[in-house]
Every structure is written in C-alpha cells, then in structure tokens.
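Take a look at this one chain, the form predicted alone, written out in structure tokens.
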Amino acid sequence: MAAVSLPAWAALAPMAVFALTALVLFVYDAVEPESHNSALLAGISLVGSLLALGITGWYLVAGTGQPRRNGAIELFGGNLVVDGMSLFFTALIASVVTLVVLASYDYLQGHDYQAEFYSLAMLAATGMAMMSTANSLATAFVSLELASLPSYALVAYLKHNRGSVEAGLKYFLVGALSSAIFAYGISLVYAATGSLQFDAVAGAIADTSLVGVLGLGVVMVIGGFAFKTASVPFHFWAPEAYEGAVAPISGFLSSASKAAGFVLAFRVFLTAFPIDVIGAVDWVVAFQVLAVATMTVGNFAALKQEKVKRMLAYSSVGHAGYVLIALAALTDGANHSFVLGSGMAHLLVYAFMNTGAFLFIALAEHWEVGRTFEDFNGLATEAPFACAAMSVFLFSLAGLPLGGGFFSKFYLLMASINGGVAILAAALIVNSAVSLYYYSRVVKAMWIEEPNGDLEIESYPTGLYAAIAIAAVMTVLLLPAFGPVAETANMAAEMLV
C-alpha cells in the first residue's frame, strides 16, 4: 500500500487547528452570546489543543521536515519553515495549552466571557506556533504580535479586578515599548542588508558596509527577545503580569510564551546572524551577560518574596537565564547542536513542571486559601495528592532528581562546560542552590507547619486535579525518558546549526 503524500501546506496543520478552534469559539459566542456552557467551551478548546498535539506528534514520528523525509519544508517563499525544531516547540505549546484549558474548566466556573478567554488562548497559541516556524524578520514580528496581543487581554481577563487590569496595562505598555524596539532593530538590519529572510540576511552580512547600523540593529533585536522571554532588563512586567493574571494564564505565559520567544531567538541568531559571519557585535558575549544577570536577578528576587505566586514569577525569570545558556555557550569550540539541544530539552521539561506549579496555585485560589507562604501551612492534611504533586514540581524546578529538571539542568551545566564558559556553570550551580531554599519554604509550609486557622476544603475540582496529575506524571516520567527527549532536541538543533 502506497504511503499517503500530503501537500506541503499540510505541514502547517497544527497552527491551522489552533486558528480554526479560535474561529469556532468566536462563531459560537456570536450565536450564543449569553451562553454559560462551560463544558462545551472547554470541550471545544480541549479537542482543538489535543488535535494540534496529535498532529504534531504524528509529524515528529513520521519525520516530517526532517532529514529522513527530504529535510525542512519551506512555505510562502521561504518565510515559514517546518522542521524538527518547529514541531518540537509546537508540541510543547500544544501540551501547555491542553493543561491550561483542562484546568480552566473548573477555575472559570461562574465567570463571564469564557468564550473570549478560550478563543484568546487559542489565538495566542496560533501566534506562538507561528513563531516556531518564522523564517524571516517580517513573519517573526507578525507572529510575535499575534502571540502578544491576545496575551495582554488574557492577563486583564478579570475586568472588575483592579490587580488584573493593572497587570494587563503594565504588560501592554512594556510590550508596546519592546515591540517598537524590536521593529526598529528589524528596520536597521534591513537597511544594512536589504533583506528580511534569515538566510538572505546572513548572506548579505558579509558584504555590508553598514557594520555599525547592523550592530545597533542586532542589539535592538536582542532587546525585543529579552522582553518576550522575561530576561533582564525587560523582566519587570513578568511578576506584575503573572500575579495579576488568573493562575492558568500565568502558567501559560511563563511556559508556552517563553518557549516561543526562545525558539524564535534560536532561529534568528543562528540563521540570520551566524557566529562565523557577523562582525558587527558579539552576540554570544551579550547573551552570556544576559544569562548570568537574568538567572541571578530572578532567583535572588524570588528569595525575598512573601507571596507564592510572585515567587514563582521571579523563579520563571531565573529559568529564562538558565535557557539563555543555549545561546551564551555557543562559542567556537562548543558542540553547537548539544548546547542548543540542551536549552530545548530544558524548555520542554520546564513546560510541565512550571505549568503544574502555577496550576497548583490556581487550585489554591479556587479554594481561596490565600497567597502567602503562611497561608499554605498544613495544606497537605486536606489535599495530600495535590501537595505531593506541587512538591515534585518545586524540587524538579530546583534540579533535584525527582523529575526531569534534574537532567535538564545537568545538560545545561554540561553545555556551559562544553562551551568553555565557566562563569555560566558557576552561576547555574549557585542560583540552583538559592532556588532550593525558597522552593523548600513552600514544601515546608504544606507538609510541616500547622494550619493557622480552620483549614477545611470542601471541593476537589476534577479538571484542575486532572491537569495537575498529568503535569506531575510527565515531570516524573521525563526523568527516565530524558535521553530520548534530549536526542530529539539535539537532532532538531543539528538541522539549524
């Protein structure tokens, strides 16, 4: 029986599924604007995200866009490209969206505008998936905005909550500034090279006489990515946005959005500004400074927090610094596919453990437990399973061998050593030790401390519990299964480098 040959545009099916799901939700909301059928809205969104995940997984297994199947698939004149890296990150994004949708079914009970919530989440996921396939600075900017604009609205979803609206406004203002910086950087790169497509930019760099203009453009492009990944000094929006947003969206932004920002950065800097061509600015050194500053600022700021959700927000900043090692350790003597693949693998593990941690916060908010560390005192007596899952998430985030975070951090450490950048390895070790302290505060409060008052939980929401359980199982399974994940990431990275 002959194998079915799909047209090239079918490679964009996962992205199209996200967009069509958003459209279906819009149509349903237009027909039934007063509907509060939470099960139907969540069901439509869940089917869409699972379908996108299933198609992406099928493509990965089948070798779509990979060397064994004729290599990367270029579409629209090479402005979009589907390869192993784009599929790897689309699977990551679809996994996070699935968890967020599943948890939101219970979390949003009684809230208005649920159709808008789910449709905006699907539109943001469409933009993030498009970011993973972008192959020109023009499509990079469009996809970045498609992911960002719905995210601003999602942060401000609680329209009558002052903290949510204020967080959304701050996120929008900082986002507008960073978009302007990014757009101006793109214009300078275009002025210097006359090209927007990544390969064409790389080819024109060697012949340009506007080295200073090009260097300034590269620096401004770095600034744009620093915002999207919540890296220093564009990280100030993250604690405000994550704390003000509903907790499932905090997990969505800190995991899927961060991963989308990084995959776009990987493509831009390794394809458009290759290390062996560009002489305008040493972006590897720039990322080394960013990596050390970001992980240090994030972890030491988290150390001083008294609210658990805000602590996780600063922890997310710290993890952005860890992933920056994937760019900062790309020195001349390094194994580039291993270094880049290590960052990709960490982002996948981080997606499950970090999203799971924020979904536990969503569960605590559903129970109206409180926001501070002390409010979590004795919570394990009422919810032992959820607290056990949270302990797994936190210890895996710290790098202990309870989840995939242990190996992903170890690979990042080896990537730093492989690149010969000792300061990155030292910063990773020191900051991981610091993070263990503040993560342990939550575990200590849940399991050891006595409750401050009459702590009694009456409901155990199925959707939230299911999402937390899936995230916990995946976090644990990624410990023994990290080898295949790292191999897949390295193969995808090898095509890029």
Partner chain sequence: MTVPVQFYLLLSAVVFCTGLFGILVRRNALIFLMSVELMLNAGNINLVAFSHYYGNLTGQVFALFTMALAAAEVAIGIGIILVLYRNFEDIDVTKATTMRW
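Positions refer to the first chain, counted from 1. Because the structure is predicted, anything quoted here is derived from the model rather than measured.
The protein also exists as the form predicted together with its partner chain; that form is not presented, and the subsequent description refers to it.
- In the predicted bound form, its partner chain stays beyond 4.5 Å of every heavy atom belonging to Pro401.
- In the predicted bound form, Asn335 stays away from its partner chain, with no heavy atom inside 4.5 Å.
- Remark: Ala138 counts among the residues lining its partner chain in the predicted bound form, judged by a heavy atom distance of 4.5 Å or less.
- Its partner chain in the predicted bound form is approached by Thr193, whose closest heavy atom lies within 4.5 angstroms of it.
- The partner is absent here, but in the predicted bound form a heavy atom of Leu210, alone among Val284, Ala200, Leu210, Ile417, sits within 4.5 Å of its partner chain.
- A heavy atom within 4.5 Å of its partner chain in the predicted bound form is found for exactly one of Phe406, Phe373, Tyr184, Phe300: Tyr184.
- Of the candidate stretches 96 to 104, 171 to 179, 123 to 131, 346 to 354, only 171 to 179 has residues with heavy atoms within 4.5 Å of its partner chain in the predicted bound form.
- For the three marked residues, Leu87, Phe262 and Phe269, no heavy atom of any sits within 4.5 Å of its partner chain in the predicted bound form.
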